[in-house]
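Only one chain comes next, encoded as structure tokens, the form predicted on its own.
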């Protein structure tokens, strides 16, 4: 693997595709490798997702390269660390398109970084495959909407699935704790909107900054509101664990329902025994109760020296497998515009995830509720809930 400065890592050879900065700049089949950009949070708060995403992408690429590429094309992955920073993400996307001539980008890594990079993708005509649930990234009101695809689960689907599970288990007065960013705020607001439809009341809502370590006041407010369950809208493992500690300290003894941001081994490790019994939404359940497709991904990861962490590997794999499916459908030179148009026609293609992926011109959210499972932490593992 070659490495560039300023946080950019360049992967070793992968599959021959096409390089495109503008429609007129394409590489013929059998020529130079097709370059695919990968802009992920390899450092900063969201590295807990970015590193597993990267590991899956690299492991899958090695298998593709060993099999001779895609339709005889080799692929070259070019990595860039967005550092969980929107400005860095925008810079990385610009650099990979202008300097490296990538024809598609897996990433950036979070909702905020995707939104920052969207206008650049629109201007330079290269699609982004975003591994984030933040609803706004595929909103049709965005001028760049035609150039952004989601390879994760839309948070509207995730929040509804989790809260339906809470209500089925008897929750009526639900408290909410969320992290102070777009992801957290949306989840809290959407839960409030769902309350009347699904038969529960939001009794109290509290928030915490990414870097908070003492959440005693938030846990106390939820306890004093007499909630009978808590919805945790967080994606930072240490923050989720800090809340569980505070809840235990103040005697908040109710069921906890965490969104998929916490479906990572790092959360189990950080929470320790306090995590037992917490219900966590997940995109699949790798590596604890894997489907046959997920088992293949687990094997690839371990073959490359990486122990699976959770859904990060799944959505990273979704990004690369979407690229592969598009390349299989393209004959001749590949451009960013051709990649975008082709992805809009993909449906039911091979992946390592649950659910049936399906994109269209009107739907850039490729995965739905059939890719989700509500798990419960038991014995230090995410186990599929009965």
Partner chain sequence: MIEYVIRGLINGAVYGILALPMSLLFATAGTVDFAIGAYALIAAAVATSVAGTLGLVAGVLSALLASAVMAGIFALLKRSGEEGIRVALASFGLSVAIASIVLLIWGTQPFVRPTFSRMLEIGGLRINPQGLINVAISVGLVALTYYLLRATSLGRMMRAAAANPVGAELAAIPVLGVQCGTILAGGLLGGLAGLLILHSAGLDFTASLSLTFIGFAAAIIFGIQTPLRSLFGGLAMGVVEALSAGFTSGMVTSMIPSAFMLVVLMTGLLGSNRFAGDRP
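Positions refer to the first chain, counted from 1. Note that the structure is a prediction, hence the values are computed from the model and not measured. So that the term is clear: the rigid core is the largest set of C-alpha atoms that superpose within 1.5 Å between two forms.
There is another form of the same protein, the form predicted in complex with its partner chain; it is not shown, and what comes next is about it.
Stretch-level contact check against its partner chain in the predicted complex with heavy atoms at 4.5 Å: of 106-114, 243-251, 91-99, 167-175, the positive one is 243-251. Under a 4.5 angstroms non-hydrogen atom cutoff, its partner chain in the predicted complex lacks residue 154 among its neighbouring residues. Though the partner is left out of this view, residue 235 does not reach within 4.5 Å of its partner chain in the predicted complex, counting heavy atoms only. Among residues of the shown chain, residue 134 is not one whose heavy atoms approach its partner chain to within 4.5 Å in the predicted complex. Shown alone here, residue 211 lies within 4.5 Å of its partner chain in the predicted complex, counting heavy atoms only. Of the residues 279, 223, 74, 83, just one reaches its partner chain in the predicted complex with a heavy atom at 4.5 Å or closer; this is 223. Shown without its partner, this chain lists 198, 185, 296, 123 as candidates; in the predicted complex, only 185 has a non-hydrogen atom within 4.5 angstroms of its partner chain. Relative to the superposed core, residue 99 shifts its CA atom by less than 2 Å between this form and the one not shown. Core-superposed comparison between this form and the one not shown: the Cα of residue 302 travels less than 2 Å. The two forms, fitted on the rigid core, differ between this form and the one not shown by less than 2 Å at the CA of residue 122.
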